[in-house]
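For reference, the chain that follows is the form predicted alone, supplied as structure tokens.
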Amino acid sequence: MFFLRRSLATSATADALAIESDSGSPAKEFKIMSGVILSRPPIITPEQTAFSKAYYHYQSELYKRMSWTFPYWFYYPKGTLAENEYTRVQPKLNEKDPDVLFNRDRNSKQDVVFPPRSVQRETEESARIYAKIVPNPRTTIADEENNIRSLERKLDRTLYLIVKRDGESLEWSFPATTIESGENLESSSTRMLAQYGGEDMNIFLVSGTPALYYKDVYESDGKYEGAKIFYLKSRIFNGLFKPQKESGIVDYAWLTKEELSSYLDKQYWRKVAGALSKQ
């Protein structure tokens, strides 16, 4: 797995993250963990709002009315058969009208009428040039199938990776792991992503500074009273998250911010929502 990271990042170790009480005695023991908010940024521009569509339509119509007349004499040279064919299909306007110039009413946009082309004379290249541009659909097969494990869905939104691990009450959360001795947040997060999702990912760590802190208090009596998790933000550029056999990952999903709210525990969601992008 290939990682990029910024310089001047923090390098807090597990020992440095240990917290003591005001009296100087060790505080109640919490497990120190690092987590990753791994996201896939939007691939296409967002869907336009009704206001945006109306604005761009207005600008387009305004441009057409202010633009210069179509220079038919360049494409249909004077005295040629092509000019005769072009002139034959044009609407006839009153040339005595001062607002009519080159057979165009300058008070409105010019709708250019082109003469029909002969199929016999049309070459493969000209057919490609004149072919109507059809944009690709904004939805994919993954959208139609609601495949939440696919990165090829919700192309205009940010997707976040959440996992469900065996032995953790099977609750959804961002991936996290215990910081081992000698590790810092970055090295621990890098190791975790490789152990959980394999090497087939191109990852960029945005910063070594935590973007989110979450304190999880355990209900059962055990060695630790809870966990203090420091989350780093990261981006995936290409590759796939493939749960490894020894990772304990039983399920995973790539979801938008709105979708996360229905998957994550309510208390957990309230803590992490502010660190997520609206788009």
Partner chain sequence: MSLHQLSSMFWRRSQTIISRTAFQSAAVSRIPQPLHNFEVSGVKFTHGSLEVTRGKRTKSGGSSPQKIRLVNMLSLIGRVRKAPYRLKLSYEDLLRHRTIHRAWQLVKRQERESRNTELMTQYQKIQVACDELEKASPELFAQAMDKPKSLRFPPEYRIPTETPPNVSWDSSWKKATLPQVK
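Residue numbers count along the first chain shown, from 1. Note that the coordinates shown come from a computational prediction; the quantities given were computed from them, not determined experimentally.
Beyond the structure shown, there is the form predicted in complex with its partner chain, which is absent from this document and is the topic of what follows.
- Site annotation in the model of the complex: the residue of Ile249, Ala211, Ala227, Ala253 reaching within 4.5 Å of its partner chain with a heavy atom is Ala211.
- Asn184 is the sole member of Asn147, Thr178, Asn184, Ser173 with a non-hydrogen atom within 4.5 Å of its partner chain in the model of the complex.
- The closest heavy atom approach of Leu62 to its partner chain in the model of the complex falls within 4.5 Å.
- Shown alone here, Arg88 lies farther than 4.5 Å from its partner chain in the model of the complex, counting heavy atoms only.
- Contact annotation: Gln244 falls outside 4.5 Å of its partner chain in the model of the complex, judged by heavy atom distances.
- Residue contact check for Leu240: one or more of its heavy atoms lie within 4.5 Å of its partner chain in the model of the complex.
- Contacts between stretch 29-52 and its partner chain, counted in the model of the complex as any heavy atom lying within 4.5 Å, involve Ile32, Arg40, Pro41, Pro42, Ile43, Ile44, Thr45, Phe51, Ser52, listed in sequence order.
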